[in-house]
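Only one chain is shown below, in structure tokens, and it's the form predicted alone.
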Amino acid sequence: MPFNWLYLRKFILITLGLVLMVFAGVSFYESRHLKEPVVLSQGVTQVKKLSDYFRGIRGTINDSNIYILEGVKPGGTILILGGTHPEEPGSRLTTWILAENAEVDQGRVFVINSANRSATTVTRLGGGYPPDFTIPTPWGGQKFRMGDRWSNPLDQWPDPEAYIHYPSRQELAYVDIRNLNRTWPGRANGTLTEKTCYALIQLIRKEKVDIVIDLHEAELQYPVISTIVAHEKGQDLAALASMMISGTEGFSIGMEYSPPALHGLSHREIGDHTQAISLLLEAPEPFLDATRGRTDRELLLEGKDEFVVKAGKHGLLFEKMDENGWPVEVRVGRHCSTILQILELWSEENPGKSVMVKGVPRYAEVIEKGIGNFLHDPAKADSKRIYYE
């Protein structure tokens, strides 16, 4: 019987396909289960879980850690959210610096590194994103998951034909049912993402949070960039912070009003549904631009891309872009300084609710020393002071 080359070719192709599936499966599993250590600052007095405020989130991937820093003196309460959109890594890295370095003399600061932890376990489908990245440190380096804008389909599926926001009944993009910044204020019997927002609302109400700061990054082709987006309750605070930063910190940041008619966003719904002032910070991230080149770790960390520069020369950007790019240290430094400036101004205007924080580097120091210099080696830390995201 003559040898059948067609069968051999099919066998080889099937075998190669299976090998690729195994390697891809291992990569996806490792990315989803990568442990990201947080070495707690001495200022962290307790760590809670999001389910402490809403039992409906208990046991889910989004039962996130809440790092609580408390001062000796009573004062106000601030909540800082990182990881609403984990594909914007500057937000999570900023919260790492806070959780590992901040100390509070007066008031309380609540820090959440992974507001949507599910979204940290997947990258954008078809986006060609790296699954992770490493921040250089004096002790070698620390690896972080890359993440996506939306909750992982493994945790919430399927998407509806149309997403009707609760409670406004406004119709939004169907995929935004998995977007933590489109599902506020959430609901107790909703999807995983809606339940996460609902749990965060319960935290804000129960702890009587005064200000919520939601950290983000944006593509340079997006008009809401390099700015503080403020609910009307926080417009004066945001405007003053914008002026002070632009005059003293070495970078400029604008201020935008939260659109009353656009629902689901943190800067709108937190202010409408709780006692808190809600602010959202945006820093530039060329990694997200549609005109970018290769979407790799280098672009993520260095923020340099010739195609985005060319788009700027054609007037297609809402923020400047040159050969220096937008390194991650610049983006994180902006967030650190903006948070500190907001707290300083708040404390001056509200002495009975002051929040006095120390140990957090400002913009110039983050750029000079690098993010890794503010991360601590878990191998040398007390195991009782290490938590994992």
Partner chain sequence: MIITILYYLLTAYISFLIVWNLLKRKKWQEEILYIIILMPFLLRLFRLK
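Rigid core: the largest C-alpha set superposing within 1.5 Å between the two forms. Computed from a prediction, not measured in an experiment: that's the story for all the values here. Positions refer to the first chain, counted from 1.
Not pictured, yet referred to below: the form predicted together with the partner chain.
Visitor: According to a 4.5 angstroms non-hydrogen atom cut-off, is V72 in contact with the partner chain in the predicted complex?
Guide: The answer is no: V72 has no heavy atom within 4.5 Å of the partner chain.
Visitor: Spell out, yes or no, whether the shortest heavy atom distance between G247 and the partner chain in the predicted complex is within 4.5 Å.
Guide: Judged by the heavy-atom cut-off of 4.5 Å, G247 is well away from the partner chain in the predicted complex.
Visitor: Is K353 close enough to the partner chain in the predicted complex to count, meaning some heavy atom within 4.5 Å?
Guide: The answer is no: K353 has no heavy atom within 4.5 Å of the partner chain.
Visitor: Check whether L20 has any heavy atom within 4.5 Å of a heavy atom of the partner chain in the predicted complex, and answer yes or no.
Guide: Taking the distances in the predicted complex, the answer for L20 is yes, it comes within 4.5 Å of the partner chain.
Visitor: Scan A276, I253, V104, V122 and let me know which has any heavy atom within 4.5 Å of the partner chain in the predicted complex.
Guide: Answer to the contact question: V122.
Visitor: From the list A239, I164, L316, L154, which entry has a heavy atom within 4.5 Å of the partner chain in the predicted complex?
Guide: By the 4.5 Å criterion, the partner-contacting residue is L154.
Visitor: Looking at heavy atoms inside 4.5 Å, which stretch does the partner chain contact in the predicted complex, given the options 208-216, 122-130, 221-229, 139-147?
Guide: Stretch 122-130 is the one.
Visitor: Could you list which residues of 20-46 come within 4.5 Å of the partner chain in the predicted complex, counting heavy atoms only?
Guide: Residues within 4.5 Å: L20, M21, G25, F28, Y29, R32.
Visitor: Given a superposition on the rigid core, I'd like a yes or no on whether K369 shifts its C-alpha by 2 Å or more between the shown form and the other one.
Guide: No, the C-alpha position differs by under 2 Å between the shown form and the other one.
Visitor: Would you say M21 moves its Cα by 2 Å or more between the shown form and the other one, aligning on the core?
Guide: No; M21 is a residue whose C-alpha shifts by less than 2 Å between the shown form and the other one when the cores are overlaid.
Visitor: After a core superposition, would you say I12 shifts its C-alpha by at least 2 Å between the shown form and the other one?
Guide: Superposed on the core, I12 moves its C-alpha 2 Å or more between the shown form and the other one.
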